[in-house]
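Below, in structure tokens: the form predicted on its own, a single chain.
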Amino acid sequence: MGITLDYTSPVSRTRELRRKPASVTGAILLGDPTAFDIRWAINAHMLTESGTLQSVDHARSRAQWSALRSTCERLGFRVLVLPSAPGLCDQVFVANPAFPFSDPVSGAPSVLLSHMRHAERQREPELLGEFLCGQGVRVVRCDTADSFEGTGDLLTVPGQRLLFGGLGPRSERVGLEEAARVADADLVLLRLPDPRYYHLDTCLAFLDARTALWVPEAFPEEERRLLVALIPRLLTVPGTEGVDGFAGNAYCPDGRHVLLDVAARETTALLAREGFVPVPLDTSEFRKSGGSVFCLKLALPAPR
């Protein structure tokens, strides 16, 4: 395993991180939204202001998901679709049940199955693993019982074997370190104390090897300093769009096009000024359940 940095690490140590080449995106996995619903509250977004469960417009969520699929295909990516399992209301958020990586020795596309925090989601990793195994993806299971929730809390810097992990409501240190060891990657750990940003992918989105979109309010002061030291180009999500538009849950599959929720209008304008091509998508039905574009996909590495 490589270096692990966290909020206790002197910033000067950041120079020691190894920037090892890693594979680019191959296929994109999406989860069929047939079973998508809100029947429980396991994050702060699933409840209305009055404390009742959010209500899903199923026809609208299907149309929004289909637009995301069409966009990925239009950008030239092969899209795989995980079949829906009855009763698994959150299975559509395929970013969480597994962490994808290139095998350090063979270069084969691989996934490490997650340990989901909540009982409502604990069937999802095995079902996803069975599906991906049938697609020729190598499936690895964790040696630790500590929870970690895939790319919800473990973000890969594009083109590098460098990971940023979120310590908070969903993922624990040992689980994240196990994933970094399996992927032979360096790891930066960041605390997530704000329940609105319950996964790291809700407040940090890597756009290319040097650039990330972030929501500073989601992080303690020590983490902010660490992020500023490590990431050459940090773009701050404007105003309240981190919560209101889920702008931190954007997804950039190719270093140029940035898929993000249509509600994040100021962020869209910021990205255009910075030379990216924003692709606004309506994910309002999925935002009711705490997820947007990044949560709805799992990017699988291309074979090396």
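Note that residue numbering begins at 1 and tracks the sequence as displayed. In this text the structure is predicted, and so the values were computed from the model without any measurement.
There is also a form predicted together with a small molecule; it is not shown, and the following applies to it.
Using a 4.5 angstroms heavy atom cutoff to the small molecule in the predicted complex, all of M46, R121 and Y198 count as contacting. With the partner left out here, the small molecule still marks one of 178-186, 136-144, 89-97, 105-113 in the predicted complex; by a 4.5 Å heavy atom cut-off that stretch is 89-97.
Within 4.5 Å of any heavy atom of the small molecule in the predicted complex lies no heavy atom of G166. The closest heavy atom approach of L235 to the small molecule in the predicted complex falls outside 4.5 Å. Taking the partner from elsewhere, R170 is found to have a heavy atom lying within 4.5 Å of the small molecule in the predicted complex. The small molecule in the predicted complex comes within 4.5 Å of no heavy atom belonging to L30.
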